[in-house]
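Single chain ahead, written as structure tokens, the form predicted on its own.
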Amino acid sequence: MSGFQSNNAVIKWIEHRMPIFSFIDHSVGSGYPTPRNLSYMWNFGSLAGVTLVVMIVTGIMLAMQYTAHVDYAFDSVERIMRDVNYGWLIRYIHMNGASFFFIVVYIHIFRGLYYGSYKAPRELLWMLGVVILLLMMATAFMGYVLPWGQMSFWGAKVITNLFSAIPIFGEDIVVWLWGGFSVDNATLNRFYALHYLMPFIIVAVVVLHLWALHQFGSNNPIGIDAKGPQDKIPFHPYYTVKDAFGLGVFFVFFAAVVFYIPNYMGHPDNYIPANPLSTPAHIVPEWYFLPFYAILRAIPDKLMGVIAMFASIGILFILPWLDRSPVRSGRFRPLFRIFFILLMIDCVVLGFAGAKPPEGLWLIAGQLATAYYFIHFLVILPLLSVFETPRPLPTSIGEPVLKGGGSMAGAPAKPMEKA
């Protein structure tokens, strides 16, 4: 941090008393050395952070106008849309921001899976990321209940009823979650309070996530550790500019959805007021829950379905110990790359199966996809760690970047060509 310098008298006065500027410079500025070969796939971490801020700001503005009561919640949302100045824009940003938040985080996770960002010494960094995903899912579920439409009400009823599958204590847990003996006003109030609180808990875990990231630095596309200054460049201005460009592209797509197709990723039944006496023909969660919903329904036994659904996320916590290959990046693991593509296809199939009624071919597809999901992590990855022969790794990060191709480990390096 001592490398930070400024000629501004005010900054120097503050810095002497509270070294916040040197802290920022050390964390995301020129004082933070970063691998020189990071691609645009590394933009999604910063995009997730920006999206989180957008969600918190718009959420606070919506909370000022929302009424958490079963008799008024639906009408208060309609009032936000119709009578509050730019209320429609704030709500559409918040509503679609949740979908874009999950898009960004899912890409971020799959990038980590492909490039081995979960491997030593970044296991805790990965596990904190999985905690963030779980908190996001809980926050999004409770937020979806707040408009108090048909899907809000019945989604809350179906998901909370899952806990009744727990032996002995299940029914008591459901009553505790509801705050009574049905999904009613107490349920809405506690979901509203928790939905407001949990984004700030996410911020706290994100701080821990960044702390763990800065301990060993970012992983990189070839998955080898930086061996010296020749392998690194300052985060600012090189990656701040890259992140700014990525943010601009992101907001183009985000604005296109908000202004032109704001309800595309929602369900039309949620524009019908909640009615406990009228069950929708097909109860489905938001699209980002569909793969997990498919896993839940793939197993006929209710308790085993709930266990499988939570295990599909819990298995990510032990992933660093399931994949024991010494090579991080999928670039140098030909068999791993094939199975990684199959995993992505499998998750898409789970998403489509979760959106369809649990019958016929879609039920069978969901069951097969569920089986493959667990086989991939519990069987295929451990076997690949033993039997796969990775390609040779470059000797350093700098060689592929500076020479247009790296010398392989154990091979003599070529002399640097003249410019």
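Start at 1 with the first residue shown and count on from there. Since this is a predicted model, take the numbers as computed values, not measurements.
The protein also exists as the form predicted together with a small molecule; that form is not presented, and the subsequent description refers to it.
At a distance of at most 4.5 angstroms from the small molecule in the predicted complex, none of the three residues Ala298, Ala365 and Tyr372 contributes a non-hydrogen atom. Residue contact with the small molecule in the predicted complex: Gly59 places a heavy atom within 4.5 Å of it.
Mapping the unseen interface onto this chain, Ile222 falls outside it, with no heavy atom inside 4.5 Å of the small molecule in the predicted complex. Contact check for Gly155: no non-hydrogen atom falls within 4.5 Å of the small molecule in the predicted complex. Pro147 belongs to the set of residues with a heavy atom inside 4.5 Å of the small molecule in the predicted complex.
With the partner omitted from this view, the residue of Phe200, Tyr264, Phe181, Phe259 that lies near the small molecule in the predicted complex is Phe200 [heavy atom within 4.5 Å]. In summary, among the residues Ala140, Leu125, Ile103, Val349, the only one with a non-hydrogen atom within 4.5 Å of the small molecule in the predicted complex is Ala140. The candidate stretches are 24 to 32, 384 to 392, 37 to 45, 63 to 71, and the one lying within 4.5 Å of the small molecule in the predicted complex by heavy atoms is 63 to 71.
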